[in-house]
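Listed next as structure tokens is one chain, alone, in the form predicted alone.
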Amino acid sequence: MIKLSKRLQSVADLVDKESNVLADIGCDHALLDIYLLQSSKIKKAYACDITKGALNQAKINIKKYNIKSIITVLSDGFSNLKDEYNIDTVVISGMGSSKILEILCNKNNLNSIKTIIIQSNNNAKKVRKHLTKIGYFIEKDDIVKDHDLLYITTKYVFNQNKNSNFEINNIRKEVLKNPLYKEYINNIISKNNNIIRKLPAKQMLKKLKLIFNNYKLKRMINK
């Protein structure tokens, strides 16, 4: 069985064992899909990417590991995925929140998809707000460090449960105990401080908002 990076392993760990058909949006090398099939977590995968180069690399890996149940699809998000594929699980990782939201908002009917696993490179709050607004429940968060970078992976399931405002705007409370979370928050505070220092005086309101946000973040990790 192939060995995944810590970043991709955190995604794989959130895929349900009983998943049937997975769409990996922005699959890159398709190693995640290969691993999930090798470990019998899924029965079939659609490895999707917007570039032919990435799909060619995916095809090389699929052939190398002799996996028969991965279909590569040249697709911008969901654009070339069909309803008859019966996809029940979607993974989107390695992108910024703006691109992830663009992909999610261009899907006409997400209700047929039971599980969505997101690993956003930035501003995950926007994604959390969007998916919980349209009926998805944040079931689990995970935080992992890979090559000195911190990643938060989130599993959303379509059901009637509701998350608290804290969970939507921040993270599920059980992750607060993870020492990596404190490091993650301190990184955000540091980035905010850099922005504050560079903002001109005429943008005082934006400065004050960032200062107040940092105050709330510090309180959260020092409780």
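All residue numbers refer to positions in the sequence shown, first residue = 1. The structure displayed is predicted, hence computed values, not measured ones.
Although it is not shown, the form predicted together with a small molecule is what the next lines describe.
The stretch among 45 to 53, 61 to 69, 193 to 201, 162 to 170 whose residues place heavy atoms within 4.5 Å of the small molecule in the predicted bound form is 45 to 53.
Checking V144, L131, I87, I103 against the small molecule in the predicted bound form, a heavy atom within 4.5 Å turns up for just one residue: I103. The small molecule in the predicted bound form is not approached by K182, whose heavy atoms all lie more than 4.5 angstroms from it. Using a 4.5 Å cutoff between non-hydrogen atoms, G135 does not count as a contact of the small molecule in the predicted bound form. In the predicted bound form, at least one heavy atom of C27 sits within 4.5 Å of a heavy atom of the small molecule. Contact check for K99: a non-hydrogen atom falls within 4.5 Å of the small molecule in the predicted bound form.
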